[in-house]
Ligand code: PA5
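Just one chain follows, in the form predicted alone, and it is written as structure tokens.
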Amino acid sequence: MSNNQVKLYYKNVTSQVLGQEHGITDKQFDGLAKKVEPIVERIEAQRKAGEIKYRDLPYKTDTVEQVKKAAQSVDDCENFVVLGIGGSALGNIALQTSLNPYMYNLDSAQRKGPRIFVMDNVDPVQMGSFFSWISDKLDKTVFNVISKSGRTAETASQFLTVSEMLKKRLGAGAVKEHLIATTDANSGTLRAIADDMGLRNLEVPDGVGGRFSVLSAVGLLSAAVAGIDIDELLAGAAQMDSKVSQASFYQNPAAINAAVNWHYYNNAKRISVMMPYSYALKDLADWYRQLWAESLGKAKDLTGREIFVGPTPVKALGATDQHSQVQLYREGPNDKLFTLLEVKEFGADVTIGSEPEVAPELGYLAGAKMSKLLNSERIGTEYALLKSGRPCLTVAFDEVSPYTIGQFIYLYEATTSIAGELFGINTYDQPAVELGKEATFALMGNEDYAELAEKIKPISEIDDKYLI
């Protein structure tokens, strides 16, 4: 088991650094502690009662064995394709980006398994290009369709298209050989299909929403297929579990993280920017956006009162977005909390080349490590933000590894639960998502939604008066 850690550093949100107008005072922190500590105790009680099931995922040894068995069953394939969207895709993408080399799909020497593709949309140009490329490689390709219900239009359309391709090119029996379903254990459209076709299948755990499911079979299969150590991933999550279960506010990184975010939301900073200074971590920011937005953006509190609450998550990438967003971040409205992701030891490094004779002014770069440059960019950006009175949290990774990625995922899931309690909302539902799904069903001709289709017509028809 790794000794590397992920730690939260929060000095740069304090009044000691920012002053009292934008910083949090010791007295305010003590007030937050009194508010949050009972919440942590309540969440722990809910968890023990089986009400927060994602918290138990690091300990599901039976799931790990099932995932490993499924991964071994496809060890001779050359391409592994995940079909899904939202929580069925973002976690898979984040794990692949963070834990596999940048050139993983292109350089066989850098791969421990097949090429990995996560098809998380239904854009016809994107999908058409991919299907054209994969069509003569189907005999060496395995698809993993992920949907709890099987009725999600995007995933269902991908599945139907792939199934037909397999039948036409490889014969009717090919679907069973080249498809794995990850779905509800007992019910739903995809469960019925999987049982009828005899597909290999894994379970979406009951009571775990998609955005909390990356540490289940939903995210673990593609990771295991690509050679990522899922035991270490879950061990890291379990280690973070011991920290975020602490009753003491000042010993619990999830409690402090949630409290800081909640405090700033209630003090006119309602935008939360996550800015990794590591390409490997960039898609964790995408995963965080869904987790934060879908969990905390709610119209009503638990009593049914309308509150229209929710911090807006924004992703950025250091150092890239220093050249696209930092001007706004420093001189625009002071309405944001920044969370920078730092890596202390990178898994590889590059030495910068020597300066030309005609440009001695570049000599300060010559011979230096790119890791030093990137981390200098991070510190420089944080310094500039603080000089402008902008609060900054830092999540520090000793290194990027399965163990630390597991820690980070679990830290933010636990943070989200505590933040939801602070806002007084249901963290685990997503009622606002349904109407858009139903409208899609209606527009695609689903007869069950014919009445809704009529209501949509005025919106779908273009009024030429307003087209210029």
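All residue numbers refer to positions in the sequence shown, first residue = 1. Just so we're clear, the structure is a prediction, and the values are computed from it rather than from any experiment.
What follows is about the form predicted in complex with 5-phosphoarabinonic acid, which we do not show.
J.: When the contact criterion is heavy atoms within 4.5 Å, does Glu294 count as touching 5-phosphoarabinonic acid in the predicted bound form?
T.: Yes - in the predicted bound form, heavy atoms of Glu294 and 5-phosphoarabinonic acid come within 4.5 Å of each other.
J.: Can Thr189 be called a contact residue for 5-phosphoarabinonic acid in the predicted bound form at 4.5 Å between heavy atoms?
T.: Heavy-atom contact with 5-phosphoarabinonic acid at 4.5 Å: absent for Thr189.
J.: At 4.5 Å between heavy atoms, is Gly210 in contact with 5-phosphoarabinonic acid in the predicted bound form?
T.: Answer yes; at least one heavy atom of Gly210 falls within 4.5 Å of 5-phosphoarabinonic acid in the predicted bound form.
J.: Taking the shortest heavy atom distance, is Leu317 within 4.5 Å of 5-phosphoarabinonic acid in the predicted bound form?
T.: Although 5-phosphoarabinonic acid is absent here, Leu317 would stay clear of it in the predicted bound form, with no heavy atoms inside 4.5 Å.
J.: When you measure heavy atoms, are Lys148, Gln430 and Lys437 every one within 4.5 angstroms of 5-phosphoarabinonic acid in the predicted bound form?
T.: Every residue of the candidate spot has a heavy atom within 4.5 Å of 5-phosphoarabinonic acid in the predicted bound form.
J.: Just one of 80-88, 95-103, 341-349, 279-287 has residues with a heavy atom within 4.5 Å of 5-phosphoarabinonic acid in the predicted bound form, so point it out.
T.: Single hit among the candidates: 80-88.
J.: Can you pick the one in Ser272, Gln322, Thr141, Thr152 that has a heavy atom within 4.5 Å of 5-phosphoarabinonic acid in the predicted bound form?
T.: Contact check passes for Thr152.
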